[in-house]
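Shown next are two forms of a single protein chain, provided one at a time as C-alpha cells under the names structure 1 and structure 2.
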Structure 1
Amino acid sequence: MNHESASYKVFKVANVTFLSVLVFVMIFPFLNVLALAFNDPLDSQFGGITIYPRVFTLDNFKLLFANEEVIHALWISLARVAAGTTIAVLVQYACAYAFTLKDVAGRGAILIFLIIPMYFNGGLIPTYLIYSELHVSNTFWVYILPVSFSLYNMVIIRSYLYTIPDSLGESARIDGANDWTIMTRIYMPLSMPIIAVMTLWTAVYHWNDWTTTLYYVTNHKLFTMQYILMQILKEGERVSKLMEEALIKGITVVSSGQPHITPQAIRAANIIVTSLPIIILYPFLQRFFVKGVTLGAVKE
C-alpha cells in the first residue's frame, strides 16, 4: 500500500499551488489580449476587461482583414514558413546524415570550419554586403536561403541519427541501396521525433522573425505579417491607414462622431492573428517534442 508522508503531501499541495499560480500569470496576458481583440473598442476604453469580452464584436478583425496589405503580408508569412521550414529541415537532415557516414573524408575538419562562425559572427554590415552581392536582398529568397542551414540543429539531428543502428543501413547497402535511398527510406521514417522538433523550431523562427524584413527588404509586397505587426505597435500612421481603408470599404469605424475602432483594439486583433498559427501547430507536434529533444541532446 502506497503511503505518503505528511511532509510529502504538504510539498505536493505547495507544488501544485505554485505551478497553478505560475501558469495563470503566464496565460493571463494572452487571455487579456484575446478578450480585448473580441471586445467592442469603445467599451474597452472604460477599462476593466479581464479574460473575457464584455461586449462581443468581430469589428476589430474585419477592419484588420479589410486591409489588402495585411492580407498580402499574411500570405507572404505563410509562404515563408512553408518553404523555409521544408528547405531548412531537408538541408539540415541531409547534412546530418552525411556527417554520420564513416567513409566521408575530413568530417572533423569540416565540422570545425562550420563551428568557427558560431563564435565569430561577421556582423550586420558584412552580412548585408554579402546578401547584396548574392542578389538575395529585397527578394523572397532572403527569407529562405540564409537560414536554410543551422549547425546547432544539424548537430542535434546527427546525435539523434547515431541512435539508429548502423546495421540497418549496412543491410540496405548490401541489397544495393544507395545513400539517398537509405536516408529517405530507412533513416527518415525512424527520425520522425527529431524531424518534428526541427520543424517546430524552424517554423516558429520563420513565423516570428521580423528583423530580416527590417534589414534587407524595402519592397512592400514582400513585407511579412510580423513586420506589419511591429509597425502597428510602433506607428500611429499605420493604424490611421487601416482605418481609412476600412472606411472606404464601408466598415464602421466612427460612431456618433467618435472613433469606433481604436489603435488598442487593432493591436490586440493583430497579436491574436499572428499568434494563432503557432498555437494551433504546437499540439500536433507536442507528442514528438520531448522525445526528440532528449534523444538528440544526450548523445555525441
Structure 2
Amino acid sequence: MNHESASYKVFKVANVTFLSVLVFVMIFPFLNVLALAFNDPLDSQFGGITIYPRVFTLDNFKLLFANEEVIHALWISLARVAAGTTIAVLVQYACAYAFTLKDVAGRGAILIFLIIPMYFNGGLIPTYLIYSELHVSNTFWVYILPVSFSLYNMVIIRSYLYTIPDSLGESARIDGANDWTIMTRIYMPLSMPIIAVMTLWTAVYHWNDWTTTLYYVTNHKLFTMQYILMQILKEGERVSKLMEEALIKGITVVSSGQPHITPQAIRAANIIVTSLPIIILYPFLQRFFVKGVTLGAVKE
C-alpha cells in the first residue's frame, strides 16, 4: 500500500497500542505472582506489589520445599511426565506407523473401533466405577495407561508419516531390512519433528493434569504438584498444615506476635513452582507446538 490514508494511519497506531495492552494483560498476572512469591509475606499485605519484589526473600520457597509431601509430589509429577510421555508416544507412533502399511486386512474395522470412543463414552461415573473394580484407581498407572492412546495424536503422526516417500522403505527392504529395521532405522529418525511435537504435548498434559488425582486417587503418596496447588487454593487444611510445619521447623520467624508467613505467599510460591518449568521451556518449545497445531488443523 503506497498511499496510506489518514484513517489507516490512525488505525495502525490504535492497533499497535491495543496489542501492546493485550500483551501486558497476558503477562502481568504471571509477573505479579512472581514478584509476590519472592516478596516478604507481611510486606505483601500492604498491597501495591506490581512486577518486582519490594522486600526480597526466599522464605516462601524454603517453606514449601521443607515439606516432605510437597517434595514427594514433585517427584511423582516428574515420574509421571517421564513414564507417561514415553509410553504414550511409543504406543501412538507404533499405531500410526501400522496404519500407513499397505494391505493390512481389517485396517478399516480397527480404525472404526478406535474412533467410536471419540463419540460415545461411559462418562465419569461409569469410568470411576470400572477403575475401582479393575484396581487401577489409587495406583500410579491410573495416570499413565488411560491416556496412552490418543486417536487425535495418532492421526497427526500418521499424516506426517504419509509425507515420507514409500521408496525409502522399499529400497531398504530390497537391501534385506525387515519390518522392524525399516520402522526403527528408516522411519523413526525421519519422524523426529513429529515425535518432538507429541513428546511436548504429552509432557505438558501430564505435568498440568490434576483432575485424574481428584477423581481416582486418595492415596497421599500419589499426589502431584498440581493437585497440591489445588488443595492450597481450595482447602484451608493444606495451607494451615504447611504453616504449622514451617513454624515448628523454625523456617518462619514470629515477629511482633505474627508468624512471618501468609496463605497468599504460600499460594504464590506454589503457582510459580508449578508453572515456571513450562514458562522457562516455553520459548524453546513453542515453535514445535505451533508446528503440531498447523499440521493437525490445516489440511487440504
Partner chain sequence: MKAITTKADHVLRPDRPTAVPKWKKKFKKSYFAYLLMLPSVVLTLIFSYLPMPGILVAFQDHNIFAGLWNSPWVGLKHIKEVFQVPLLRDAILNTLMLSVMMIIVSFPAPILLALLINELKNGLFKRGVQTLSYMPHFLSWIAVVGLTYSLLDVDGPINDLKLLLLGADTERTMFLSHQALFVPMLLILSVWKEVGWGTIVFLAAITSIDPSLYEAARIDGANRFQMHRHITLPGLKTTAIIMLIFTLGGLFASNFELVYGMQNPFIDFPVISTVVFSSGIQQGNYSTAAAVGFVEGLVAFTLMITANYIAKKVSRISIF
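All values reported here derive from a predicted model rather than from experimental measurement. Each form is matched to the other, and the largest set of C-alpha atoms that superpose within 1.5 Å is called the rigid core. For numbering, take structure 1's sequence and count from 1.
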item	value
Label of the structure corresponding to the form predicted on its own	1
Distance the CA of Thr17 travels between structure 1 and structure 2 [rigid core superposed, Å]	3.7
